[in-house]
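Heads up, the chain below is alone and in the form predicted alone; it's given as structure tokens.
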């Protein structure tokens, strides 16, 4: 069996003949955006949550990242956050809201608290739930009607997806990170190349990654159309988890680790599709268009329309028009106005440490605004304890408070129309970071390099200079 098979089979409550499975869910994360209608549905039916202890809530999408102790200025954002508080109190759901020491982006707090564990099934009304797959879990996003279904039954109706394995062997170049790996994969197979699949990432390059780097890769599985992504747990996983707040303790820990060591694909397991990539072929990546598949190496040029199929050309032209870029033009040297380092993709302490180490002793370019947004209150506290905030302040960077921030235009942190933002988030759709905003996705290192130079830069040149 594959890793996915092993977890799937353990969670099928009932297989409906000729139809989907009744599929049990171990952990249900919720936030303020996709839960209100689901709670209303329960009220109308006069029922409560089947297993409230297995649902965990936090406020992240709508929260401001300045002055979180003050009332939220935007009326809709304030209403949604207040409604989450009311709903959790009424239905007995644990909430890590504004002001709580565990508050943060839902896909950051689950792993850092030890709530996310190998072998689990995990859902959330958020597409980037696939992040939790880095621990060897089946984790995927669901819609609001499915949120209500999990509330009511702790189960979902699910058809088993096809399975893909992406093997990455070899050693990454200096300056190439997990964000570059996933942007490279998506550029290779397209934003729809994994539609209908659940993806397992494997190979020596994947095994060499930290847990935080693995989370970045699994996070963006959805951006190539996959249902989710996962990585087999190993000693790196267990070392990360040990001692965390809600992780097993004592004898329970030893027993769980023994179980988790069985969570891997067998040598003779068969996948519906396999892809093989050499780690050495991956360079720092940057997107130039309006979907995450429109990515190129930082040393590359925007493609000419002639290399595309006829059916792809209209959307390509539309994307370049929106971005104000030209086919054939090198991406290196493109002027940048904003830098956003944060989101559920790249806002963990490892990301902030990496950026701080790189920018120490350097200054941001004139005319560039840089936002560093930690993924949780715990990340923020750790960054301050380690003195990273002093490095950021000296470089002219703003260390803000936790939240989804400028990943999406759903709070006060928006990029102005026509401005270019190099972003460590996961999506570059039209208007994603604000109406008319132009987003270039990249790794924290590449974003930090652009912050210093004011233009898209090959971070390897600056690492060599050090």
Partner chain sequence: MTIHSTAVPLENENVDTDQIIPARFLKATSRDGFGKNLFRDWRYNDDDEARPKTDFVLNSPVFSGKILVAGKNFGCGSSREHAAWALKDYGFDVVVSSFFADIFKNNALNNFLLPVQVNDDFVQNLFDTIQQNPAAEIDIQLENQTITNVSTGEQAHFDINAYKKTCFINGYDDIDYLLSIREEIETYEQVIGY
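Residue numbers count along the first chain shown, from 1. Being a predicted model, the structure only gives us computed values, none of them experimental.
This next part talks about the form predicted together with the partner chain, which is not shown.
- Within this chain, residue 318 lines the site of the partner chain in the model of the complex, having a heavy atom no more than 4.5 Å away.
- Residue contact with the partner chain in the model of the complex: residue 64 places no heavy atom within 4.5 Å of it.
- Taking the partner from the other structure, the partner chain in the model of the complex has a heavy atom within 4.5 Å of a heavy atom of residue 148.
- Interface residue remark: residue 157 is counted as part of the site for the partner chain in the model of the complex, having a heavy atom within 4.5 Å.
- Checking 171, 195, 299, 363 against the partner chain in the model of the complex, a heavy atom within 4.5 Å turns up for just one residue: 195.
- Exactly one listed residue, out of 114, 396, 203, 225, brings a non-hydrogen atom to within 4.5 Å of the partner chain in the model of the complex: 225.
- Just one listed stretch, out of 204 to 212, 244 to 252, 74 to 82, 90 to 98, contacts the partner chain in the model of the complex at the 4.5 Å heavy atom level, and that stretch is 74 to 82.
- Interface residues of 100 to 125, taken as those with a heavy atom within 4.5 Å of the partner chain in the model of the complex (partner not displayed), are limited to 125.
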